[in-house]
Structure formats: structure tokens, C-alpha cells
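Let's start with one chain on its own, the form predicted alone, as C-alpha cells.
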Amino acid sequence: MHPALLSQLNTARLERVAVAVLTDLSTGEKRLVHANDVDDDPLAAELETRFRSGKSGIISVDTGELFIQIHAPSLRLVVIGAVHISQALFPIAQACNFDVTVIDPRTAFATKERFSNVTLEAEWPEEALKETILDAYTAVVALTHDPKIDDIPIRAALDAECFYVGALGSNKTHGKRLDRLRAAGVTDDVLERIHAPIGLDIGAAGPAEIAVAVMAQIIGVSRRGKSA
């Protein structure tokens, strides 16, 4: 690979930006496309599909065949609240190759005994998020029912354009949450990105089933977009 192209690829990895390297299989010529620049590329539709799926592959074009290699950051899940649902959720997310961070200032809940083999931050979210980067490859779920803990990371996730933002609570609880976020200056079009009540509507009962519903919705959004 040409040094200049390799430098661009390494920079993209450090900045957690998805890129595709396109190789002309007849000439060996390569070019790099950033996910943010897909709309201006002649292969926009194909690239958009592959960025969403994360799958590399060979395609046929007028000039021959191209190999599209996708380089995407690892997906991350930031869980606000070291609650029972979180205990069920994090191993499922890890099995789906998500890097998981659990944040909760309540040290009685945020213990290594309850959350082993996971990044655990027993701090207020506004402090923990100074070290935890939120981006378009991050899902954030708020599960405490406590506005003092949930509201700040929800807004931070919306500002960072995280691909998924979900919050636990009934429609009534979510309505109050929306009122608070509107009062804080968040617009309605942005608030529409919050998945609440959280998870797919599968009639889930109990922490384990709710965790399955949440993870299924996260995967659906990551693969298919917000409508999942």
C-alpha cells in the first residue's frame, strides 16, 4: 500500500472514522473513501450498504472488478446505570463484539463483583464521559430512571450523533424527559432520535428479556438505520 494511503488509513483508525479502500483488481490501483464522503462518490449506493453491514467484497463495474475493503471502528456500548438489566445486557453485547462501558456513580451498584470483565466507571456520567469518547459508532443506553444520572449522557450522546440512543421508562416518564431536554435547548428533530420506551416491542418481561429486546434494537439500528 502506498505510504500516503497507509497514513490516511492509520489516521482514520485513530480518529475512529470508517473508510473504504477500493482496489482495481486489474491494475492494483487503490483509493480511499471516507464514510462521510460517500454521497459524492460514484459508488455511493454500494458503499453506503457496505459501510452499514461492515462487509468487504468484490463488485463488478464498467472498467472491471473492484475489491472494497471496509475499515470501520469497533462498535461500543455505553450503559448508564449498573442495574439488573445492565447485568444481563453487557454479556450479550460482548458476544456481539461490542466494547462495553458501564457508568454509575452509585458505588453500591457499580461493583466488579456485579460487572466483571467490563469497563466500569463508578463516577457521575459528566465526569466519566470526559474519558469515554462518544461518536457515530457508539450506542448509549440510559437505564437508571434517575434524571440526575440519565439526562446528561443522553444529551451528550445526541450531540455526538451516536448511532443509537435509548432510554428506559414508560411513555409518561419519557414525556417528562423530553420536556427537560427541550428546556435545556434540545430541538424536537434531535429528540426524535431517542428510542423510548427502549427496546423492540416483544412483550419483554424481566431484566434478561428486556436486555435481549434492547440489544436486538441496537443491532437493527446499526444494520438498517433508525427505522429498525
Partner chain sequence: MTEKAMTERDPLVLAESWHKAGKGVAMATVVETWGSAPRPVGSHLVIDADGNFEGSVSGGCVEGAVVFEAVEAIETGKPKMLEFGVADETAWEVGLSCGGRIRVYVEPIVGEN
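Quick caveat, the model's predicted, so the values are computed rather than measured. Positions refer to the first chain, counted from 1.
Only in words, not in the display: the form predicted in complex with the partner chain, which the text now covers.
Selected contact from 182, 193, 52, 30, since only one has a non-hydrogen atom within 4.5 angstroms of the partner chain in the predicted complex
Selected residue: 30.
Looking at 48, 41, 161, 65, which has any heavy atom no more than 4.5 Å from the partner chain in the predicted complex?
When the partner chain is considered in the predicted complex, the option within 4.5 Å is 65.
Tell me which stretch of 147 to 155, 85 to 93, 69 to 77, 105 to 113 has a heavy atom within 4.5 angstroms of the partner chain in the predicted complex.
Going through the listed ranges, the match is 69 to 77.
Has each of 136, 188 and 217 got a heavy atom lying within 4.5 angstroms of the partner chain in the predicted complex?
The answer is no; none of 136, 188 and 217 reaches the partner chain.
Contact flag, residue 56 vs the partner chain in the predicted complex, heavy atom cut 4.5 Å
Residue 56 belongs to the contact set for the partner chain.
Is residue 209 a contact residue for the partner chain in the predicted complex, using a 4.5 Å heavy atom cut-off?
No, no contact at 4.5 Å.
Taking 4.5 angstroms as the cut-off for heavy atoms, does residue 25 touch the partner chain in the predicted complex?
Although the partner chain is absent here, residue 25 would touch it in the predicted complex, with heavy atoms inside 4.5 Å.
Examine residue 126 and determine whether its closest non-hydrogen atom to the partner chain in the predicted complex is within 4.5 angstroms.
Answer no; every heavy atom of residue 126 is more than 4.5 Å from the partner chain in the predicted complex.
Can you name the residues of 182 to 202 that have a non-hydrogen atom within 4.5 angstroms of the partner chain in the predicted complex?
Contacting residues: none.
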